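A single chain, nothing else alongside it, follows as structure tokens in the form predicted on its own.
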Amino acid sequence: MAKNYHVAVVGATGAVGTQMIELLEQVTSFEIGKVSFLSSARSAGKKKTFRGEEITIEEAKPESFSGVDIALFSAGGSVSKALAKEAVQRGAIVIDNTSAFRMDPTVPLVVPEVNEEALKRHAGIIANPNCSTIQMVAALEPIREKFGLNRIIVSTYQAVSGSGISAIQELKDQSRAILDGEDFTPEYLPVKGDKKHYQIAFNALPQIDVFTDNDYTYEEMKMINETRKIMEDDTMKVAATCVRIPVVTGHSESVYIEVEEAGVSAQAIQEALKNAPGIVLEDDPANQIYPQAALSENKKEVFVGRVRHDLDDPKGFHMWIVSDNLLKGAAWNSIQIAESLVKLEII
């Protein structure tokens, strides 16, 4: 008899938590017997509907996880650090969508299309990678498997939803103010807690997260370190420049790679992508077909196009990778991890 799972969503009122709940409603790969929606004390008492039933949101506390099988966390790193291990102690497997545990050597960092088998090494907590990392490694894995990979250089063009609901509102408010000729004071972007804030409407900000001592931002270092961890290759050459642009949903990436194998054609790269799980190849320059952030919204796949040979390096290739950062970049990857745990009979 199939097990009915008790699933908890921590951060149920946030942008990613809301997406998680919507996706859980559609899950058919395992039976959900009970759901718990958890949040801060401020949101406790609000209600959400799940499969026709009204569920009251509760304040997230250690005792909230009694009887929970799968706990999906997306309420910020401080909440994960405070409650994830409490959930594990009460028998739950935690799938964490923050940076709290990503680089912990005891915690698997998983994109199911890339390294599903790493789930077997979990000790109660599984980390969901950064949104920009997820879409890139999902697209590069079929290439790496077939032709090897020596180098990755990525420039991201990231949507404001990656910074949360307040950033989305700031983009909308600034856009209206500029169009109406009104003054405004930036308050949130590029980073709420940093010293200065800049206009995002009709602008591009080459800063996501704060700067580290090496002048890369934490977002850039996340992409570098997470890619190496997921690929289990500490020698992989990775460089990243992460930019926030005035798009609500959908991260875009310009990626340059160098493969190991000689004599690889752009057509061979396209074929590898065409047959890869979770990847949609949209690559027809003659008819102006290529991935677009606006067209990726509300879609679970990673879209790849503009695949072309580098003009100077015979092993170099360029491509354009796009995905909905709230779905594959966060909520959907978390749900896929839960599905893999059931499929692999880990839970």
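Quick caveat, the model's predicted, so the values are computed rather than measured. From 1 onward, residues are counted along the sequence shown.
The form predicted together with another copy of the chain is left out here; the points below concern that form.
J.: Checking a candidate spot here: are Asn214, Val238 and Val248 all in contact with another copy of the chain in the predicted bound form (at least one heavy atom each within 4.5 Å)?
T.: Yes, each of Asn214, Val238 and Val248 comes within 4.5 Å of another copy of the chain in the predicted bound form.
J.: Want to guess which of 27-35, 65-73, 45-53, 293-301 is within 4.5 Å of another copy of the chain in the predicted bound form, heavy atoms only?
T.: Looking at the other structure, the answer is 293-301.
J.: What is the one choice in Lys85, Arg121, Lys274, Arg151 with a heavy atom within 4.5 Å of another copy of the chain in the predicted bound form?
T.: The residue in contact is Arg151.
J.: State the residue from Asp104, Glu145, Glu117, Glu258 whose non-hydrogen atoms include one within 4.5 Å of another copy of the chain in the predicted bound form.
T.: Here the answer is residue option Glu258.
J.: Considering non-hydrogen atoms and a 4.5 Å limit, does another copy of the chain approach Leu311 in the predicted bound form?
T.: Flag for Leu311 set to yes.
J.: Would Gln207 sit within 4.5 Å of another copy of the chain in the predicted bound form, counting heavy atoms only?
T.: Residue-level check for Gln207: yes, a contact with another copy of the chain.
J.: Does another copy of the chain get within 4.5 angstroms of any non-hydrogen atom of Leu171 in the predicted bound form?
T.: Flag for Leu171 set to yes.
J.: Would you check, heavy atoms only and a 4.5 Å threshold, whether Asp180 touches another copy of the chain in the predicted bound form?
T.: Judged by the heavy-atom cut-off of 4.5 Å, Asp180 is in contact with another copy of the chain in the predicted bound form.
J.: At a 4.5 angstroms cut-off on non-hydrogen atoms, which residues of 167-201 are near another copy of the chain in the predicted bound form? List them in order.
T.: Result: Leu171, Lys172, Ser175, Arg176, Leu179, Asp180, Pro190, Asp194, Lys195, Lys196, Tyr198, Gln199.
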